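Given next, in structure tokens, is a single chain: the form predicted on its own.
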């Protein structure tokens, strides 16, 4: 196991976990505003952060990923910064906020993605500051029906108990759960009716994430059901059940399918890379005489394949990577013809 441990990634993961723990201490005013009942959630979150950063650091060490990562940041802060920043913001809205690339495949899939994405993101945005003690609520001194919201220990705003603000603040996670459930049901419907999905899906990668999200949402809604309609008689069961499902999800998060949530934003840099390539010099295939890709991309591809130990140099000079797909097919045909002339058979 030690022989496969990535020391550089381990260092980044430990640093990220330490900084996150320090931010919890600082943001909760030396744990003064930290709720001890949420300690298990905190440790699960720290583990998830460690695993996510470790896997992300390993991913960025791969030559193709490293090249795109560095090129994306370099291009963003180049002389075309205003144009590339606008492009990045546009794609953030289109691809992450609205998930338009999924809507092109199917309206039902697009709706399911949007509901699930915003349900999960809003739940994390609410839960993490509460677990870390960055946000907490207190009664205003001398009152019994006015709450004070505190952010990082500083007073943020007041709101009356029973009002519109209180209703939505205290039920925000319920709204997130409803969005998640609607999105999950859309995915489950496809996974139990689509023949292609049934043939290729696995429980671990495709069904378990959805099952965990259902359990988290249902037990979370069960907590509200309990204290609103059952006078808290099932609180212990609901609280423990919800904690178990959330902690399992956090522990599994770095290793499962939802890791792509953290990879997806980094892929926006590829769009900047492609736009830069389109605006620059183009690679012309020596066989067809036509442009087929950006010169920057071809040269970077040569660098990456060399780092990976592949040699695509041609005997007569040049590189196989300088050829377009049509040129590559022609080169393969010539190789078959030469082999036939030498051996008397096409594949001998």
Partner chain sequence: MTTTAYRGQEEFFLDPQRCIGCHACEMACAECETNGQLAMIHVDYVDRAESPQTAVQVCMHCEEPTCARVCPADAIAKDELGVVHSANAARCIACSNCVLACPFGVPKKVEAMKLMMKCNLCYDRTSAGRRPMCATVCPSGALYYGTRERMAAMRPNSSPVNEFRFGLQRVKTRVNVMMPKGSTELVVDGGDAR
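Numbering follows the first chain given and starts at 1. All of these numbers come straight from a predicted model, not from anything done at the bench. Only the largest set of C-alpha atoms that superpose within 1.5 Å between the two forms is called the rigid core.
This next part talks about the form predicted in complex with the partner chain, which is not shown.
Put simply, of 144, 236, 199, 156 only one has a heavy atom within 4.5 Å of the partner chain in the model of the complex, and it is 199.
With the partner removed from view, the residue among 61, 33, 282, 305 that has a non-hydrogen atom within 4.5 Å of the partner chain in the model of the complex turns out to be 305. Highlighted residues 211, 214 and 218: none comes within 4.5 Å of the partner chain in the model of the complex, counting any heavy atom. Using a 4.5 angstroms threshold between heavy atoms, residue 98 stays clear of the partner chain in the model of the complex. In the model of the complex, none of the heavy atoms of residue 70 sits within 4.5 Å of a heavy atom of the partner chain. The partner chain is not shown here, and in the model of the complex it never comes within 4.5 Å of any heavy atom of residue 77.
Taking the partner from elsewhere, residue 23 is found to have every heavy atom lying beyond 4.5 Å of the partner chain in the model of the complex. From the list 254 to 262, 169 to 177, 156 to 164, 77 to 85, the contact stretch for the partner chain in the model of the complex under a 4.5 Å heavy atom rule is 254 to 262. After superposition on the rigid core, displacement of the C-alpha of residue 15 between this form and the one not shown stays below 2 Å. Taking the rigid core as fixed, one finds a CA shift for residue 44 smaller than 2 Å between this form and the one not shown.
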